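Taken one at a time, structure 1 and structure 2 that follow are two forms of one protein chain, written as structure tokens.
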Structure 1
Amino acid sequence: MTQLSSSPAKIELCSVTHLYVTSTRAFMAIKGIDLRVEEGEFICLVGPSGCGKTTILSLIAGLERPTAGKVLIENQEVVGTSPRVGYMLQQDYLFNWRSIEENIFLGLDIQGIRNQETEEYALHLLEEMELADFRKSYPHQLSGGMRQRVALVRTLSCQPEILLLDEPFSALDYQTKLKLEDLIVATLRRHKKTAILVTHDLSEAIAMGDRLFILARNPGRINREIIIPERIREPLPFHARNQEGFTDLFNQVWKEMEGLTDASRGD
């Protein structure tokens, strides 16, 4: 286990259990989740489908309240959505009738914080993402990878302290995904953001994260925590894949995931 700080965690889940109830059944998505994320840390959640990864993000984002347990941000219980938390999904949800510039200002409008200073910050982020020349373009004129960069700028423009990433690269081609991984990690490090990534791509999780949590299902629970070695953690994701020990760690996680999948089939 990592050495935990005595100060409040940036994010903490304390014995969190969550049930989804319909008219015909009750389904336990996650049970007894204890998770602590320090400020500036990047953690990744992996596991078989149905293990509750997205449910965990929804609870942290305040989109749902846990059935039992507490979700805390700096010791304050999460009771609803907050501008402190940004959420980026697989789909970019850009409005095709708005220019890129107007799309990235949308969050500022919604939160009522649009002014010259916040607009300039958003345009600065657009430049960091190498998209300044496309500010007057429209989403249909951009590639999938470019659209995802715009979606990230729109999220970061509101200056959230925490960024939740739910498989944001899964629809992209491999080369674009690798480039975007590097760009996002570099940006989050530069702006000292705390981030949680949900992904099915094990190499992506190992290359991007400081720590990796493997979840089991029926119900969703943390099966194992893996601390990514410093030599893999420090480089940007593209180069992290070439570091000594990366392949061994990938095989270790792969084997554990296979064991969880086999166990689920046997239930």
Structure 2
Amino acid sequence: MTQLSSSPAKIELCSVTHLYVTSTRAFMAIKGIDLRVEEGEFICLVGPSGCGKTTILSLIAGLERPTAGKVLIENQEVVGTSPRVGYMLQQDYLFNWRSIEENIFLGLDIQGIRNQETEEYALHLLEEMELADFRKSYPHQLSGGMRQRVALVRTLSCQPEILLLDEPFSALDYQTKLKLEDLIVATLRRHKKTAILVTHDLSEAIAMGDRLFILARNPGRINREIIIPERIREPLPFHARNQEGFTDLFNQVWKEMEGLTDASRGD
């Protein structure tokens, strides 16, 4: 199986197929997905709505068991959720009855690792997101973008090895978004963390990722893999956007996506 490298991949999906079965129908969300992510890599998933991006993240997070195929993390089959994998859901889902501070300590409470050190780390992250003033506030007092940043802090504060991000920047203003992109990439690189990011923003995907997967739908499958060239990969996302070749790559990905929507309109 492991033809490419001798060491086990951080995350590996082996011909994973997943059906959502309800009383009215069995719906094939993804079919035959093969995916290999090395330690420290940053992977982006893009594709039309409903192509199974969230489903893939749920499978890696252990929230769902695949109908067929295997999901492996360091060669061990995923059978349930684990503190090693941090998953930021598509919406923030902050707990209204907890203050911001208590929200970001949630994971620490659950994993029984809440102490002065971990609390300080979480608060430090909150500060980096420029939300330190709001630690005593409640979620309903925050804007959508602020809530999203809090949810990100909640996920990061447990220091997971693998980070799954489902459109983490969708409710942010452009400036904050660019700043956060840099912050996240820098943090993840420093700690050699592995990440999978789902996004609808193609330039974001190209600027942040090491590799890019374009998915197609009905059923969800990997249509194409794009390896981001060294020159764009190296700098932080903000500068990556100014690198030579960025626009060309963007256009290439854009065409690829156009083809997909045309194809799905055809049938």
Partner chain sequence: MHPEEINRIHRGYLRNERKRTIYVILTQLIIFVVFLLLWEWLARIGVINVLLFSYPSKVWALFWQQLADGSILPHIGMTVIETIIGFILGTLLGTLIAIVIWWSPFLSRVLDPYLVVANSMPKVALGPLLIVGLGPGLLSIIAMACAISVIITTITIYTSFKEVNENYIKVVRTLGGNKWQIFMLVILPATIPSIVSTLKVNVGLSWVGVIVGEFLVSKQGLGYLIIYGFQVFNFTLVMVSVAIIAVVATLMYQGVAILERKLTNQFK
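By rigid core we mean the largest C-alpha set that fits within 1.5 Å across both forms. Every residue number counts along structure 1's sequence, beginning with 1. This one's a predicted model, so the numbers in the text were calculated from it and none came from an experiment.
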{"item": "Structure that is the form predicted alone (1 or 2)", "value": "1"}
{"item": "Hinge residue among 160, 99, 218, 241, where one rigid part swings against the other between structures 1 and 2", "value": "160"}
{"item": "Swing of the smaller rigid portion against the larger one between structures 1 and 2, to the nearest whole degree", "value": "16"}
{"item": "Following rigid core superposition, Cα shift of residue 91 between structures 1 and 2 in Å", "value": "3.5"}
